[in-house]
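Quick setup: one chain, the form predicted alone, written in structure tokens, and binding and motion questions come after.
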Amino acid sequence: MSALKFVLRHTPPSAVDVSGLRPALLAGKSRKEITKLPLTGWNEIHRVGDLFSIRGDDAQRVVVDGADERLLRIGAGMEGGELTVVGTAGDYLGESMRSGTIVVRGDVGTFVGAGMRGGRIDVSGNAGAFAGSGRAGTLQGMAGGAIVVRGNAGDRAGDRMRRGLLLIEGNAGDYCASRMLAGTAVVLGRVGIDAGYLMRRGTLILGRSPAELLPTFNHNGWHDLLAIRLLLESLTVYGKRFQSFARSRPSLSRWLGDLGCDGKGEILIAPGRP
């Protein structure tokens, strides 16, 4: 069987919630039934067949081809299976997903992986603000799983992160790991201002020295602890750049904070240029 493929016919007239195009909801349905499924837009309801042409038949492998930034919540609530997005995905991709895999061959909007509990999201391009965080008003961000961004991420990446992995190969914006509760975030490129702002617990690993750190972080020395080695080694399964980083860093500069908020978090910084 070939993957169940949804090819966008044209740019939607408004933002559309396409969270219904996920394996668990499509399993057991014929192509004719799928074309009649409703998708909520701005004050209107679209039918799947109005927006997409459909090919293939394996609902456990879903492909959204020609994706547009108006397609919101792609893969939201996923509970297994594989979903591949070709093009630019809109906001809230993978929101609240529990398991499964989402691969994006392009960029994503804001709040990728918001509130996710498990599974893996792999983005080949850039991500908007609040990657791995939670919706406005929620007390926690992602609480499990892994998000890998091969490009850059916007401001507030990992905001209120509770558990899981947030891995960014490129740069991250301001307030990275802000209000972090637990989990691990890694940025191989540069970070903006005030990384770790109001961080309570958790680990932020930086591949480059930031221009400056908040004064509420205290230097705890250079470390080559076994726990750090094991943590870095666990990242090698996420690609060559993480393999290279993990195996070329004999020790990391450790900073503890934010002292304005318990001070039990840590920022580990690799030696080298800012």
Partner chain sequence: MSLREATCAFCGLLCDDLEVEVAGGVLRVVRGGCARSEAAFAALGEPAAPPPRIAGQAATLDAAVAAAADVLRAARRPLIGGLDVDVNGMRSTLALARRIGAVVDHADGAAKYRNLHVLQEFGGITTTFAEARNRADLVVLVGDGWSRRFPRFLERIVAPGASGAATAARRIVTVTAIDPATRMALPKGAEVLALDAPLVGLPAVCTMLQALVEGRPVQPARLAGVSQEALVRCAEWIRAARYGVVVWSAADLDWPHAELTVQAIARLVRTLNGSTRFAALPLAGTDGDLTANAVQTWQSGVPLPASYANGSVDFDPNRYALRDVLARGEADALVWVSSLSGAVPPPASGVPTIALTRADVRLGMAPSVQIPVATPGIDASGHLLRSDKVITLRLPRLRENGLPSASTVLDALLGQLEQRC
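Positions refer to the first chain, counted from 1. No experiment lies behind these values; they were computed from the predicted model shown.
What follows is about the form predicted in complex with the partner chain, which we do not show.
Chemist: Heavy atom within 4.5 Å of the partner chain in the model of the complex: which of G66, G207, G41, P210?
Modeler: The residue in contact is G41.
Chemist: Which of these residues, N152, T110, S99, T84, gets a heavy atom within 4.5 Å of the partner chain in the model of the complex?
Modeler: For this set of options, the contacting one is T110.
Chemist: Against the partner chain in the model of the complex, would T138 count as a contact residue? Criterion: heavy atoms within 4.5 Å.
Modeler: Although the partner chain is absent here, T138 would touch it in the model of the complex, with heavy atoms inside 4.5 Å.
Chemist: Is the gap between A76 and the partner chain in the model of the complex 4.5 Å or less for some heavy atom pair?
Modeler: Contact check for A76: no, nothing within 4.5 Å of the partner chain in the model of the complex.
Chemist: Would you check, heavy atoms only and a 4.5 Å threshold, whether L214 touches the partner chain in the model of the complex?
Modeler: Answer yes; at least one heavy atom of L214 falls within 4.5 Å of the partner chain in the model of the complex.
Chemist: Are any of the heavy atoms in R70 no more than 4.5 Å from a heavy atom of the partner chain in the model of the complex?
Modeler: Result yes; R70 sits at the interface with the partner chain in the model of the complex.
Chemist: In the model of the complex, does each residue in the set Y175, D194 and L259 place a non-hydrogen atom within 4.5 angstroms of the partner chain?
Modeler: The answer is yes; Y175, D194 and L259 each reach the partner chain.
Chemist: Given a 4.5 Å cut-off on heavy atoms, tell me which of 163 to 171, 178 to 186, 143 to 151, 118 to 126 is the interface stretch with the partner chain in the model of the complex.
Modeler: Contact-bearing stretch, as computed: 178 to 186.
Chemist: Which residues within 76 to 99 place at least one heavy atom within 4.5 Å of the partner chain in the model of the complex?
Modeler: Heavy-atom contacts to the partner chain in the model of the complex: D91, Y92.
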